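Single chain ahead, by itself, as structure tokens, in the form predicted on its own.
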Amino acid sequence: MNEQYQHVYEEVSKCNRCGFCQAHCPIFAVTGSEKNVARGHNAHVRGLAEEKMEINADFKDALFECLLCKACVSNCFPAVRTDKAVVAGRAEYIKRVGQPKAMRLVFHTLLPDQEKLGKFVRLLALGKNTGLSKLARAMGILSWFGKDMDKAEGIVEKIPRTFFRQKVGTLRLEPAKVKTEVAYFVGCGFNYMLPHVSESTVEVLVGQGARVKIADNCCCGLPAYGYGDMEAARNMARKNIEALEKLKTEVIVTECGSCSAFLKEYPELFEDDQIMKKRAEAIAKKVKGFSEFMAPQIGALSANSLEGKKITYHDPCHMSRYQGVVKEPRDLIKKIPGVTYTEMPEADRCCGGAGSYNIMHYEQSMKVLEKKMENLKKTGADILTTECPGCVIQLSYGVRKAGLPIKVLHISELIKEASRKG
């Protein structure tokens, strides 16, 4: 047996090949291909472990087309951790075939360094905001960088000129009466793409009596981990653990569902390093998502401009399936007087964003998104709220494409609006 896979072999061996995962996999619903469903992934990784499987194009496509949404895990009788198996398969692919230079640049140079990443995003913003990227799309130039890049260019409308961290000096970080103190872990998606959401988060936290300490963190490491680059994921985790330890708070809050989920899983990155594992465990115990932290803290809210609005919620995969945070965001919404909460059919079904999935696999992502938009229409909602930057961007794109008169808000923006005094 391949030693690299001993740690997942026992897990994938639990798969009884019942096929129940088929009904719950968003990608199988799109492709109808057995290689895209959980039992197919588990069979592939088991084959690798037993050295009966070759790594070829079919193997790569199947592994990297998985959303890692864990819908299969949540509906699996033996609860096989197919997500772990898929990541292990991706790690083995990188080990044997190698990693694209562009991907290594992102994971090892840009994401661990805020300054370098900021410069890179500013270059992207220049192209996006001046229309150069639209020109490149029209000419088919972006397709040179990937089969779907030219189509995916329109997912993001505009990249802000000023990032959240640049605005920190102008923000109020301490309330008149301090009830608690929190470290705020700044997610990349919010810092660079949706800084107004971070501002809303800080405003709500301070408004509820929290002194906010801004963490000097880098990327949480989830993108690298998701693509099988364990080395890069561990390097970023070490940097973040050190940064968060310095703040000495009892609570770490982030409004990014992906960040909170991965921070809580940091101990799993250091199974072979007991010292780092203990440090990671100490950090993981302190981590709370925005709604997870705010639901028991927040009091009565005023309806203000939200009065009469119908609101629905989309469960990010990293909130519902990875962390089990389902009730808290709904409790927050229901605390807003004068609004109607309407549950969306299949609210926990992946929207197809999945980090960079909508860029790398645009066509499949859009088919998953279409299903989400169909369910959204059934709610008759005025506002769709969620708790993940990737979901906010993907759902906003879906609403624009479908021409729906629905506003997409992060839940911290919604609570900020509802917290305003008339």
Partner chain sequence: MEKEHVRDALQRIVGKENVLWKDVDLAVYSYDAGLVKGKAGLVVFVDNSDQVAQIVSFLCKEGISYVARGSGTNLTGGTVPLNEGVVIEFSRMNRILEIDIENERVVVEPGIYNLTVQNALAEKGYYYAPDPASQKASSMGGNLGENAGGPHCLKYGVTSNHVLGAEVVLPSGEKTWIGGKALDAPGPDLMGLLVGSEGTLGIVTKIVCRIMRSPERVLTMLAIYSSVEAAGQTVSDIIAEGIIPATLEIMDNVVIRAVEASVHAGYPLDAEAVLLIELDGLTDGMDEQMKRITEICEKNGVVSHRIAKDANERNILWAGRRGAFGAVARIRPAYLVCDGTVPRTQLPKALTEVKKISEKYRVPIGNVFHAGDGNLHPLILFDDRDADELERVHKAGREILKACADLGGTISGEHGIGTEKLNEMFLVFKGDDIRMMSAIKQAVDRKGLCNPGKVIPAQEARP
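Residue numbers count along the first chain shown, from 1. Note that the coordinates shown come from a computational prediction; the quantities given were computed from them, not determined experimentally.
Unshown form predicted in complex with the partner chain; subsequent notes refer to it.
Engineer: Would you point out which of 27-35, 392-400, 355-363, 379-387 contains residues with a non-hydrogen atom within 4.5 Å of the partner chain in the predicted bound form?
Structural biologist: Heavy atoms within 4.5 Å of the partner chain in the predicted bound form occur in 27-35.
Engineer: Is the partner chain close enough to 68, 93 and 96 in the predicted bound form that each of the three has a heavy atom within 4.5 Å of it?
Structural biologist: Looking in the predicted bound form, the three residues 68, 93 and 96 all stay beyond 4.5 Å of the partner chain (heavy atoms).
Engineer: Using the partner position in the predicted bound form, report whether residue 79 sits within 4.5 Å of the partner chain, counting heavy atoms only.
Structural biologist: Output for residue 79 is yes: heavy atoms within 4.5 Å of the partner chain.
Engineer: Applying a 4.5 Å heavy atom distance criterion, does residue 43 contact the partner chain in the predicted bound form?
Structural biologist: Contact with the partner chain, yes.
Engineer: Is residue 53 close enough to the partner chain in the predicted bound form to count, meaning some heavy atom within 4.5 Å?
Structural biologist: Yes, contact at 4.5 Å.
Engineer: In the predicted bound form, does residue 372 come within 4.5 Å of the partner chain, counting heavy atoms only?
Structural biologist: Taking the distances in the predicted bound form, the answer for residue 372 is no, it never comes within 4.5 Å of the partner chain.
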